[in-house]
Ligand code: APR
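Just the one chain here, the form predicted on its own, laid out as structure tokens.
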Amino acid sequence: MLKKIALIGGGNIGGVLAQELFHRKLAGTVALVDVKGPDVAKGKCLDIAEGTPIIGSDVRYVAGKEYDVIKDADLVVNTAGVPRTVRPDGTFPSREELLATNLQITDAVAAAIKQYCPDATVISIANPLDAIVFRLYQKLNPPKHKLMGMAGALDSARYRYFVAQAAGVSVDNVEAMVLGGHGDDMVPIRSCCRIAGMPVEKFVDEKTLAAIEARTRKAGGEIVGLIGVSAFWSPAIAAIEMVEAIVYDKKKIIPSCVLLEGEYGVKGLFVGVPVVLGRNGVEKIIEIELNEAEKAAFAKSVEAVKKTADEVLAAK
């Protein structure tokens, strides 16, 4: 258990995260800040706190509209940003289209972290994921092991779920990994996909696998199309997996968006790759062998990440 975990943003994802932190008792104090009115953060935390006698949780909370509630947090999870929502014509913005607005929000978030908890480990969820993490790095300049984005954990879970459904097996039997940027060019790594230790091709045919991998890349948009807003439970629970790995020093391998300094031939960009997460945050970056098709797909994904990073660099 950490002394204090702070959540920035009290929307759908922030609300689920708060529930899970209280329920799993991952910190003595949970802080929730949301700048919108009337007072979303206080209301959500009070609602959860009133149920803690039933679940036997003595987790405390501080909440409000001002960033000072995050003071001295050991770990910060950033969800602040405008989500994807369906337009009147039935279309919805890409993650990249959200960039300009969410960069302004991210600058305020970074300033708050720098002022109130500069030594905290930071996990960011806001989209466009890779660009927002890059912006936080620009503003905070933290040790690289203390800043990461949650994307691969979610994308890999989606890949696992779709494979399990196609194979007719438990999700527990499926291992899978999605690397690269958190966008339409993400890379499901089929060569790493196993069912009970056996190659996925033993259970699922090529055509079905290709369809699953295409669906994985568009999975976020599928949710937006169905409910009108971005997914929230699955991103939150994926972030909780990362939080638990850090809180309990699990040394767990989880694909995460981290700063690469030559790994995979990439330098100076935040890209999704397998890492070991533990008490110190990102404790090790793991380089896996990719086949030629996967290398090409990964390079294409990195180019997409670089494009958004260049837009961040160009933004004031």
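The numbering used is simple: start at 1 and walk along the sequence shown. All of these numbers come straight from a predicted model, not from anything done at the bench.
Quick note: we don't show the form predicted together with the ligand, though the next part is all about it.
**Student:** Taking the ligand in the predicted bound form, would 10, 33 and 125 all count as contacting it (heavy atom within 4.5 Å)?
**Tutor:** Heavy-atom distance to the ligand in the predicted bound form: all three under 4.5 Å.
**Student:** Among the candidate residues 210, 166, 82, 111, which is the single one with a non-hydrogen atom no more than 4.5 Å from the ligand in the predicted bound form?
**Tutor:** By the 4.5 Å criterion, the partner-contacting residue is 82.
**Student:** Using heavy atoms only and a 4.5 Å cut-off, determine which of 192, 238, 98, 120 is in contact with the ligand in the predicted bound form.
**Tutor:** The residue in contact is 98.
**Student:** Pick the stretch from 74-82, 171-179, 238-246, 194-202 whose residues have a heavy atom within 4.5 Å of the ligand in the predicted bound form.
**Tutor:** In the other structure, the partner sits against 74-82.
**Student:** Would residue 223 count as touching the ligand in the predicted bound form under a 4.5 Å heavy atom rule?
**Tutor:** Contact check for residue 223: no, nothing within 4.5 Å of the ligand in the predicted bound form.
**Student:** Can you tell me if residue 105 lies within 4.5 angstroms of the ligand in the predicted bound form, counting non-hydrogen atoms only?
**Tutor:** Contact check for residue 105: yes, within 4.5 Å of the ligand in the predicted bound form.
**Student:** So, in the predicted bound form, is residue 230 in contact with the ligand at a 4.5 angstroms heavy atom limit?
**Tutor:** Residue 230: yes, in contact with the ligand in the predicted bound form.
**Student:** Give a yes/no on whether residue 61 approaches the ligand to within 4.5 Å in the predicted bound form, heavy atoms considered.
**Tutor:** No.
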